[in-house]
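The chain below stands alone, shown as C-alpha cells; this is the form predicted on its own.
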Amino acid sequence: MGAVAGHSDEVVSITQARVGATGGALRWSLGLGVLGLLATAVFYFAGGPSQHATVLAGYLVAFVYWLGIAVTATIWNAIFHASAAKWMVVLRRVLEGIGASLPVFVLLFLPILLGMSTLFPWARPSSAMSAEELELLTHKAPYLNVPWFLIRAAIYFAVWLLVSDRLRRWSLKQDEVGGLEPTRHMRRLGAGSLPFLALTITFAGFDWLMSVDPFWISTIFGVYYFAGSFLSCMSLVAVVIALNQGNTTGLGGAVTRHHLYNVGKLMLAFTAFWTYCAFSQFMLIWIANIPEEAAWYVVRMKGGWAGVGIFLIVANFFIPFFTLLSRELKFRPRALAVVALWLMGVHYVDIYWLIMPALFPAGAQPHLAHLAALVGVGGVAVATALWRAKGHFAIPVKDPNLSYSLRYTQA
C-alpha cells in the first residue's frame, strides 16, 4: 500500500488530526492521581503497623494492576509488529500511548521498595515462623534476597522502557520521514523483544505477587498474571475507542466497527485464556495435593475469601464469555465498552484476591486506602500517557499499511 501522500481526499482530515484536546482529561487525571496518592500517604502515616500493612498491600494491588496493563500494551504492540498485522495500524497509537506511561511506574515503585519488609515475609523473617518455614526461606534465599530482588526489578523496567520507547520513537519518526525503514525496525524489534517481554512480566509476577506468600510455588502463576493483564489492556483499548467515537477527524474517524469487532474477539479469546490458566493451576495443585501448594488455595476457598473466588469464576468467565459470544455486541462501541469496564473491574478484584489473603487469611478487609491507591496510581499513569501523546498524530499517518487498515472490513 502507498504512504499517506497517495491517499484520497476523504481521509485527509483523519490523517492530519493530532492529539491535542486532552487538556481537561489531563488535568482531571493528574489531579485525581495526586489526590489519590496523597490520601494513600495520609492513611499510611495516620495508622499503626497493622494499618501500614493494609495500606501497602492495597498500594501493591493498584501498582501491579496498572503496571500490568501498561506492560502488556507494549507486548501487544510488539506482537502486532512481529506478525505484520495490518488491520490494527489505526489502533497502534492507543497501545503506544498506554505503554508510554511506563516511566512513571519507576517512581511509583519506590513505596514498594520502602515497604518490602512489611509486604514480603522473606525480606525480614520473623521469629514467629515455624522451623519448617524458616528452613524453606533459607533454601530460597539465593533467589529471594533484597539485592537480587532490586537487580531483577531494574532489569524488568530496563527491558520494558527500552522496548516501549524504541517502538514508539520509530513510529513517531515514521510520521515525519515515512518509508519502510521504520517499519522494518519495528518489526525486528517486535519479534526479537517478545521472549524478553514475556519472561520479565512472568518473573515480575513471581517477585511482586507470588512472593507475598513465599512458602507457595506455582510455575504457571506468571502466565496467569499476564493473561489477566492482556485482557484488561485490550478492554482498555475498547474503552478508548468508545470515548473517541465523537471525534470523527481523529481516532474516532479512523476506527470502524470492523476494528472494534476484532478487539472484541481478542477480549473473548483472552477471557478463555485466563480461565484456562486459572483452571490449569487449580487442577494441577488439587490433583497433586501437596500441603505446601494446597495451603494457598485452602485460604482462598474458605471463610470470607470463598465468596470472592466464586465471584471471579462467574464474573471473569461465565458472564463476559457468553456476553462476548454475541456478534452484534462486538460491533457496538458503547456495549463493548461496558463489558470492557466490567472486565477491568473484575481484574482488579482478581489481583486483590491474589495478594490480600497472604496478609488477611480470615477474609477481605476493604479500606478507603485501597480505593485511594487505585485512583492515585491510575490517575498518574493516565496523565502521563495523555501528556506524552499530546501534539502527536492520532494515528500513524505515514505507515505504509495505513490505507489497508482504514479500509479494513470483516470477511
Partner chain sequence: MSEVSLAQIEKDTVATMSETTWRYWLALGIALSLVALGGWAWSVALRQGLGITGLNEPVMWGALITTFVFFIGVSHSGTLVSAILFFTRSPLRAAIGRSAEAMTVFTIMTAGLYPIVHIGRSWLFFFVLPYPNQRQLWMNFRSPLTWDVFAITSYVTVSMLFLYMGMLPDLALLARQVKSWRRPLYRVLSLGFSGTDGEWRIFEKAYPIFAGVVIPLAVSVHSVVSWDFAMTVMPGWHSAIFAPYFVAGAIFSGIAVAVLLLSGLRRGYHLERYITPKHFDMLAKLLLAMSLVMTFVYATEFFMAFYRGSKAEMEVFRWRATGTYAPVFWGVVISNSVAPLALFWSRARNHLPTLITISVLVTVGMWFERFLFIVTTLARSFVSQNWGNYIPSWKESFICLGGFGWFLMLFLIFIKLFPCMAISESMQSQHAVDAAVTPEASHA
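The shown structure was predicted, so the numbers you read here are calculated from the model rather than taken from an experiment. Positions refer to the first chain, counted from 1.
Keep in mind the form predicted in complex with its partner chain is missing from the figure; the text below concerns it.
Residues of just one listed stretch (235-243, 206-214, 159-167, 332-340) have heavy atoms within 4.5 Å of its partner chain in the predicted bound form: 206-214. Using a 4.5 angstroms threshold between heavy atoms, residue 184 counts as touching its partner chain in the predicted bound form. Proximity of residue 133 to its partner chain in the predicted bound form falls outside the 4.5 Å heavy atom cutoff.
Heavy atoms of residue 126 never reach within 4.5 Å of its partner chain in the predicted bound form, leaving it off the interface.
At the 4.5 Å threshold, heavy atoms of residue 248 stay clear of its partner chain in the predicted bound form, well away from it. 290 is the sole member of 150, 290, 114, 107 with a non-hydrogen atom lying within 4.5 angstroms of its partner chain in the predicted bound form. Just one of 306, 315, 269, 144 comes within 4.5 Å of its partner chain in the predicted bound form, counting any heavy atom, and that one is 144.
Contact here is defined as any heavy atom lying within 4.5 Å of its partner chain in the predicted bound form, and by that definition each of 139, 195 and 283 is a contact residue. Heavy atoms closer than or equal to 4.5 Å to its partner chain in the predicted bound form belong, across 66-94, to one residue only: 86.
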